[in-house]
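Quick setup: one chain, the form predicted alone, written in structure tokens, and binding and motion questions come after.
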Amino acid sequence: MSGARTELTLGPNLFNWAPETWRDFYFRIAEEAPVSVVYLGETICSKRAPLFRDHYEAVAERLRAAGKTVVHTTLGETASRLDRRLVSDVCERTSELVEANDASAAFHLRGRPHCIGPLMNVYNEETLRFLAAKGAQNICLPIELPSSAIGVLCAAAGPAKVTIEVQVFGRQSLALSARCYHARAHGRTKDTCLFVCENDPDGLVLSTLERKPFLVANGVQTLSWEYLNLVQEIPALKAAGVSRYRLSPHSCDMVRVATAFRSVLDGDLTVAEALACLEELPLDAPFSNGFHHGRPGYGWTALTGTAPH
């Protein structure tokens, strides 16, 4: 499988950016980023979806015109009538591919080609085959899977005619809650949040009692503080049969990130050179790759002798 065609993808923006910032980000991605697939839509909070609705079709059209495949995404947690309506609207309004991030979306998409997002927790071959039989054609694996499990699922994906996608950059989604921590941290409720999460374009950093940063809150979502970076692991992932590599958007220069990863996938840049390029990003936290190596997710294993960010 090492010679299999590989695609670089851009996962959904998880954060609450100003509508114009959100629009301009995707316009630049359309024109400059070497990604072939862009997942577009709201994954975290149904209240945010109307904020960028006026720009949605223009962004999708710009991406299509630039040769990108647009995949519409759905919520990772469906807890209210508004959530259910948003999920059903996304699934029913388009003939393009939709990514299911929870079982309610998978229900709407059964029997037609669709994608499975990393929040669906595909941990074993039986789950993979079950979802493939319902129409799934691409599955993005949960970030906590070690390399050994990724290899097993890649072996099962071929006969099931499913492609396997792995997140290789960006903060890692660890949990979803029915309550909005962002609102509670500011003395508000989920219903009266006044979109306070817009103040944190890469999430709200949470610290221990010793004031050591260790997690990031993003509405109802908990993310890692560290930024996942699997650029060192690209050769092994290609050998295992992974065909799609997902970047999770952040406020840093995502065109630079995409270019570094695409260059490694194409053999135009060594892993060490790409890592050095990524280390120059003005990120507020170090890199991590612990889960991939069967260790605590916040850890970092240097495979090339190059020091981490």
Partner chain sequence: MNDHVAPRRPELVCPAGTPASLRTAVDAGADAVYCGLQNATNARNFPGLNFSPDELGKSVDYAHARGAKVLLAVNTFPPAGQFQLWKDAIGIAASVAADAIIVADIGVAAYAAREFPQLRLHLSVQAGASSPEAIRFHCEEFNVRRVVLPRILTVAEIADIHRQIPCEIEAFVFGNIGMMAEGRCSLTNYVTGVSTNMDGVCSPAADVHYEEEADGTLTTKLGSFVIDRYGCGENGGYPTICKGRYSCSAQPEPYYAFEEPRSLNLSALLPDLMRAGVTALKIEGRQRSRAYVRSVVAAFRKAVDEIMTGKQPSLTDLIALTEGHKETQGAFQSKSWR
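Residue numbers count along the first chain shown, from 1. Note that the coordinates shown come from a computational prediction; the quantities given were computed from them, not determined experimentally.
Although not depicted, the form predicted in complex with the partner chain is the subject of the following passage.
Although the partner is absent here, Glu144 lies within 4.5 Å of the partner chain in the predicted complex, judged by heavy atoms. In the predicted complex, Arg112 stays away from the partner chain, with no heavy atom inside 4.5 Å. Remark: Asp202 does not count among the residues lining the partner chain in the predicted complex, judged by a heavy atom distance of 4.5 Å or less. Proximity of Glu125 to the partner chain in the predicted complex: non-hydrogen atoms within 4.5 Å are present. Checked against the partner chain in the predicted complex, the residues Gln232, Gln167, Thr163, Thr78 give one hit for a heavy atom within 4.5 Å, which is Thr78. Contact annotation: of the candidates Cys140, Leu86, Leu97, Leu215, the single residue with a non-hydrogen atom within 4.5 angstroms of the partner chain in the predicted complex is Leu215.
Contact annotation for 87-120: residues with any non-hydrogen atom within 4.5 angstroms of the partner chain in the predicted complex are Asn101, Asp102, Ala103, Ser104, Ala106, Phe107, His108, Arg110, Leu119, Met120, listed in sequence order.
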